[in-house]
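Coming up is one lone chain in structure tokens, specifically the form predicted on its own.
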Amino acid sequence: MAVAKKEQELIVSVSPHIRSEESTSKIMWTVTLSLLPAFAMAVYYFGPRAIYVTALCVVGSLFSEWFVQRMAGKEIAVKDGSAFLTGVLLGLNMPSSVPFYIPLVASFVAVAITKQLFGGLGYNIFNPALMGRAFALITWPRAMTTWFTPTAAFMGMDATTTATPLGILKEEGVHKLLEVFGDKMTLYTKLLIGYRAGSLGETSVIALLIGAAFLLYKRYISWHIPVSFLATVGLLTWIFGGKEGLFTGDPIVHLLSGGLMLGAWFMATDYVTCPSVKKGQIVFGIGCGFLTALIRLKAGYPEGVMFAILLMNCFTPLIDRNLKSRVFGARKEAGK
């Protein structure tokens, strides 16, 4: 007689590990719920295209997980919410204008290759959604960097291509950015509410922070990675980001622009690909911030969040090994 398997209830935490009523499935669906404010703002600014692109990513992720598990003879686990969450995050990392095949291929790379090829949930080295986006960006750079005016779809107007705030800042400087947006207060306000070109998840900083606050309240994430990540980007762009010399950069523009808020709160904090030790999480966040600032200020790309997180994913095992906590209950021997 077949016996129904009860879903294992675990909480991912620093040792000592404690049994919890929280399940993997509940955590995944709750994180998805926390992204609803950001997704709603994406729909508000980009209209039906936001729903279309995100739906393609979700369907592609679910199908990829089902297909690989079916072919490998494994238990089908699409109901745990992890593939659905990957699809939502991937959708929020896409421009509204991408053709239909890019989200489908990117979701296959994210789930079938990055996640399932390494053994499934809990075994992947890199963040699946970011790997899917990285593949799409390298393969179709023009389609992945074509941006439209945010309100074009919502207002029923003809779509107008434009540059992102980081693109304008990179190519033409802060003076051109102020010429486009107005004075600094107007610029900051529009960045906060999401009136700027970019990926679907680069819309409202306020909406992303609402979702992040919910995850902090639920204790699904901690402050260590996001705060160290954001603080490092802010400090380095303030010191080195200005054209007039040291300490003349505008850290607020960098903190509110691009995918930094989405990356810091929802991508870098991925349970599987970030360190589990609190000290290690701070080191991880600082590393992400340093690489993001370096790419934004000195490299050819105007944005660096995706590459920074993926590169730091490589160092997660090393960070955990070298910054591991003292064994619970152990005493330090004399002379050691």
Partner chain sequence: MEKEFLKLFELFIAASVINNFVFTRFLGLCIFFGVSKKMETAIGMSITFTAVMVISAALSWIVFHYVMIPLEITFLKIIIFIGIVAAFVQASDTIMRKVSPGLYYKLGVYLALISTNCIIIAVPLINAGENYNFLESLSFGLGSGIGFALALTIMASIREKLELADVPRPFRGMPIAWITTALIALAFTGFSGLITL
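Positions refer to the first chain, counted from 1. Because the structure is a prediction, the values reported are computed rather than measured.
One more form of this protein should be noted, the form predicted together with its partner chain, which is absent from this view; the next part is about it.
Looking at residue 138, you'd find a heavy atom of it within 4.5 angstroms of its partner chain in the predicted complex. In the predicted complex, none of the heavy atoms of residue 193 sits within 4.5 Å of a heavy atom of its partner chain. Not displayed here, its partner chain is approached by residue 318 to within 4.5 Å at the level of heavy atoms in the predicted complex.
When its partner chain is considered in the predicted complex, residue 298 lines it closely, a heavy atom lying within 4.5 Å.
Contact annotation: of the candidates 56, 62, 28, 272, the single residue with a non-hydrogen atom within 4.5 angstroms of its partner chain in the predicted complex is 272. Of the residues 78, 227, 117, 210, just one reaches its partner chain in the predicted complex with a heavy atom at 4.5 Å or closer; this is 117. Contact with its partner chain, judged by heavy atoms within 4.5 Å in the predicted complex, is confined among 277 to 285, 34 to 42, 290 to 298, 48 to 56 to 290 to 298. Proximity to its partner chain in the predicted complex holds for none of 175, 188 and 260, with the criterion being a heavy atom within 4.5 Å.
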